[in-house]
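In the block that follows, a single chain appears as structure tokens, in the form predicted on its own.
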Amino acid sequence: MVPAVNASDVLVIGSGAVGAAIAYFCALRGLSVAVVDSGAVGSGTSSKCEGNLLVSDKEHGPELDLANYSLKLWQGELAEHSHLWEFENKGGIIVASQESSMASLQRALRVQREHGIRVEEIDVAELKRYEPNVTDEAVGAAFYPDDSQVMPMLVTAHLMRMASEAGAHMWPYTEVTGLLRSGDEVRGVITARGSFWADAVINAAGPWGGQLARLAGVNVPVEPRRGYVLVTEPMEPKIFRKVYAAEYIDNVGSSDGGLQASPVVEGTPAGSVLIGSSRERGGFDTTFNPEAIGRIATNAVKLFPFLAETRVLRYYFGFRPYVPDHVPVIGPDPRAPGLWHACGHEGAGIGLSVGTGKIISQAVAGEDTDLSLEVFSPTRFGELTEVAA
């Protein structure tokens, strides 16, 4: 049981990759930090994803800016720790199997180059040198040397450990049931283990971020978007980079609530192949969807035909924090002073976590931020259409 009054500069709700990064960077700045989570450290979305650090799937705009900024942190300030979370700068390849999708990919490449993305258009012969086992149906591709990979649970565990070593305190299995208020201001949270007071309460609750915002009576339309991943038996390396079809970019940027699936395939240091991806909205429904699994497997075989003879050992799924405009919600909420948000990253949360953590820490400390928070502001969604319970 915690004391009735447990005060800190910063109270982070959520201990996934985003929450852990916020705790780490805030603690580094000398701020007192407490982190609460309804489960174990990293037991939500961060434990059920692939650990992508991608720039290839980002359209120009604020998410791409945040991806570039985060990548510099992964490769620079955090590089000395990269072995802890199995950082792999293996590059990514987008494959086009139709002339129409190749034309769309070429248009995307022009825009990405204008915004500083390193990318090389490659022909079929070059593609086969990169990935000898890829489909013969490919008509062209693009190689992104900066696309990288980490082991997400190791990222979360080590960032939280590093935050603790810098003075942060973690309270697992501590569900937030209400907010402490002083007039219009949010000054802390109420839990079954006691009350936590803080100058800044940061909503890093991932797909539960919208529900938490409603406790403060504000509209942040984050909702869960479910996605499956298949894991194969270990094998000798046959896939050497993250490889996905051009259609994946359209699915990432889509707001369609129905099932969408496009092939995303990559090898791992352990020899297993991770196969995705699917996206569907329907709340926190945990009912098994065999159609999603079937479409993922079928699409993967089209991209890498040898997978037809490969056994799948298991699957897992998680809920990604979706927002309608596909831009994360980051920064203070003037509608409920004292409440901050750091959610809505959807499937990019691992890669964007460290950039989000650092700019939040700068803002909370009263410093100028390396990226403007204005484009990520929660106020862009307007007011709730109904009164919060």
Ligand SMILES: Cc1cc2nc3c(=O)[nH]c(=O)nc-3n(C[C@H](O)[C@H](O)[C@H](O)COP(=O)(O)OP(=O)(O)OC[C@H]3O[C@@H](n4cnc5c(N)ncnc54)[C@H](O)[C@@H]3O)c2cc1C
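So that there is no doubt, residue numbering starts at 1 and follows the sequence shown. Being a predicted model, the structure only gives us computed values, none of them experimental.
FYI, the form predicted together with the ligand isn't displayed, but the following is about it.
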Contact with the ligand in the model of the complex, heavy atom within 4.5 Å, among E175, E137, E185, E165 goes to E175
Interface check vs the ligand in the model of the complex: of M160, L78, L307, L212, the one with a heavy atom inside 4.5 Å is L212
Given the ligand in the model of the complex, answer whether the residues N68, G357 and F376 all have a heavy atom inside 4.5 Å of it. no
Among 332-340, 25-33, 47-55, 359-367, the stretch whose residues bring a heavy atom within 4.5 Å of the ligand in the model of the complex is 47-55
query = According to a 4.5 angstroms non-hydrogen atom cut-off, is N299 in contact with the ligand in the model of the complex?
reply = no
4.5 Å heavy atom contact, P328 to the ligand in the model of the complex:
no
Indicate whether G318 is a 4.5 Å heavy atom neighbour of the ligand in the model of the complex. yes
Q) How about I202: is it within 4.5 Å of the ligand in the model of the complex, going by heavy atoms? A) no
In sequence order, the residues of 327-349 that place a heavy atom within 4.5 Å of the ligand in the model of the complex are H345, E346, G347, A348, G349
